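Before any questions on how it binds or moves, here is one chain, the form predicted on its own, in structure tokens.
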């Protein structure tokens, strides 16, 4: 109970810090909606209406952006500014700080997905994923946890805060292309085969199924891929994570 209280307290602190940085908060919530509006007029894609494809695709982008990109960049920045070193010197167990950071990022990702769903329904007339709500909830929570773990792992290998945007975007942008996020790929294409090795493609697949369960149905293998990558991310983070800036 004491650990839970510390986590809740730290999540509130993370939320206050997030809201007190309005520029970062604005772009965190604006980028997914901007991409959604830009691709709203896309033509039919493999029998799917363009908007119906891109709503779950942008929901995937929202989860990855809030939990992988933001966590990796913010942790690297906090480390270089000495914030992590000061936190490490407090009586609070360090794992509670990391869990709180992941929980807050998951909350932001969930809020983003809800906003994307609402905009898609109100402006683009994309049906709500009512029959796919269980898959949607599980996919967002598990996908967010996986991306947060990988974000912490990548933060450990980023040499300094100045290199964080380049390193993170060099990892994320190619994955968006091969994971049915920015473009829809043929199932048997080489790019789709490459994307299936990484967690973003499996998260995108789960979210697409939440909107269109008649496409392929729920596949437990997608969840196992997310769990496997999440565990691998945590193991790598344990080995690479640093509380103090690199010399």
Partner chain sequence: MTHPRSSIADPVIRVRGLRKVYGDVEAVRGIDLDVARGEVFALLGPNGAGKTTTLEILEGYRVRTGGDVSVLGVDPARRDPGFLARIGICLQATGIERYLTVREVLELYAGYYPRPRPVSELLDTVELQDAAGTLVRRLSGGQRRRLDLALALAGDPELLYLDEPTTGFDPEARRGAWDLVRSFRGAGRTVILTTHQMDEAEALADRIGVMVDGRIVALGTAGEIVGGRATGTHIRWRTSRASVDGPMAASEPSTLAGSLVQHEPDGGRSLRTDDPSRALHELTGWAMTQGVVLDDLRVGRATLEDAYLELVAAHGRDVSSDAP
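Numbering follows the first chain given and starts at 1. On a predicted model such as this, the values are computed, not experimentally measured, just so you know.
The form predicted in complex with its partner chain is left out here; the points below concern that form.
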| query | finding |
| --- | --- |
| Proximity of residue 236 to its partner chain in the predicted complex, heavy atoms at 4.5 Å | no |
| Its partner chain contact at residue 176 in the predicted complex, heavy atom, 4.5 Å | no |
| Non-hydrogen atom contact residue 227 with its partner chain in the predicted complex at 4.5 angstroms | no |
| Its partner chain contact in the predicted complex: residue 90, any heavy atom under 4.5 Å | yes |
| Check all three, 9, 22 and 83, heavy atom within 4.5 Å of its partner chain in the predicted complex | yes |
| Contact segment among 138-146, 75-83, 124-132, 109-117, judged by heavy atoms lying within 4.5 Å of its partner chain in the predicted complex | 75-83 |
| Residues from 93-119 in contact with its partner chain (non-hydrogen atom within 4.5 Å) in the predicted complex | 97 |
